[in-house]
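Just the one chain here, laid out as structure tokens, in the form predicted on its own.
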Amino acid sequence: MDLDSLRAALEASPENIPLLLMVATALEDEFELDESREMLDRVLKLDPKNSSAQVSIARLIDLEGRTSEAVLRIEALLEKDKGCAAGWLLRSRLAFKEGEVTAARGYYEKAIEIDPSVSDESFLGQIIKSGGSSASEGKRAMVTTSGDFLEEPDDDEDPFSGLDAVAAHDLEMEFRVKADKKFEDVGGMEAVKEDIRMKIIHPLKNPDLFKAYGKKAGGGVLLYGPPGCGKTLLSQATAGEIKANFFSVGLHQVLEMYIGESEQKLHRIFELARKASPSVLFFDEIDALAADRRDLRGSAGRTLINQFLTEIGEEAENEGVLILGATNAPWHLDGAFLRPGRFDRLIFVPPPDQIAREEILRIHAKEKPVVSLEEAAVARKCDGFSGADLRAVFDRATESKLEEAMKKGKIIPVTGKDLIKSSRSVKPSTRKWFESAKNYALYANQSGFYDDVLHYLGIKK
């Protein structure tokens, strides 16, 4: 929304704190610092403890060239509110600006530990290239708001503190995610959760029992299903359930320009996960790294696939490492990945059911002017919708009301009837996926891998 529209909305609701913060940010983007500060001062009059406004004021002061004063302000805030992720992130930027790269890394890690959504990979890359490391030889850097670092011996339950810091630094990436989600944070999908409990959680929680039967805890599990249906969220929740380190690896974090470097990088990623066991190593869109080698004749990608197969094979020391892959197209994976000892357990993640859709709608309704949500009725009208489709329904309904609010100069709430109306203009994106999946499940399913798709569609072979 442009600045003029925001100002018009603010005139209609002059004490709307979220709106005041939005206007302040827009003014800062236009470098109208004095007017931005005025908006932030108005926020603090209404809510003297508002941390967002205090962080923004410190940032404005730094933009004016008074970095030392900005540091003092942000440290005073962090003394009172140690859970302010935005404050820790700004403290990191200020430390980096003053050349304190080790401190900057510590503050940055504190910020993303509190709230992973504030992560900034570009800024982290600058810190790493400048020599900012996160740990040193089995010790953890404990940062205080005064900027001091205290080293504590590795005597707690954090298995990551003893990782090879040099190897992590050389990888030049931050792919460890705090596993702070559990199944209770994932709405609905009880059948899928129970499948994960039986195939993943119980084995990893009872490794001694498995050893008695000559089996190792860990191995590979493939989550597949339509896009936007929560495969990544389920992976994070699985790691949280077993209290394991969660490593999320994307294609861009593996591929390198020169031949052989991608294979070496993949090996080092696995080595870090092994040292941090119990751990979950999650590969999103795994079909990009594990494509069928018959389609890659003469390509350098074949050697990377071979390396991947070696890392997840039975001969690799992966005890305590759960390798999770997520894909929308499991039929494009090389068949060698689906053999016993590799990704031999497949879990189908269908579109959210009625309960899950209701929960997703409630989440989207938070901090928005919504009345009479009637989530059960809306969810029934959105059968087959993915989580992304439900977000589109909400976006269209709120855009319509926002346009009306601009004309009338006041807040117009969104209702359940508005959501039902907007749902008629959104087509479930899962339908196209099921068209393809149905063909593979019927005609290329000799192994029975995709029987769950047929069961979901109500088709008998």
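Position 1 is the first residue in the sequence shown; the rest follow in order. Values in this document were obtained by computation on a predicted structure and should not be read as measured data.
We do not show the form predicted in complex with a small molecule, though everything after this point is about it.
- Interface membership of Ala237, defined by any non-hydrogen atom within 4.5 Å of the small molecule in the predicted complex, is ruled out.
- Although the partner is absent here, Arg73 is not a contact residue: none of its heavy atoms lies within 4.5 angstroms of the small molecule in the predicted complex.
- Proximity of Asp185 to the small molecule in the predicted complex: non-hydrogen atoms within 4.5 Å are present.
- In the predicted complex, the small molecule lies within 4.5 Å of some heavy atom of Ile363.
- Only one segment in the set 317 to 325, 120 to 128, 220 to 228, 107 to 115 has residues whose heavy atoms sit within 4.5 Å of the small molecule in the predicted complex; it is 220 to 228.
- Checked against the small molecule in the predicted complex, the residues Ile242, Leu233, Leu272, Ala288 give one hit for a heavy atom within 4.5 Å, which is Leu233.
- Checked against the small molecule in the predicted complex, the candidates Leu78, Cys382, Met189, Leu204 yield a single residue with a heavy atom inside 4.5 Å, and that residue is Met189.
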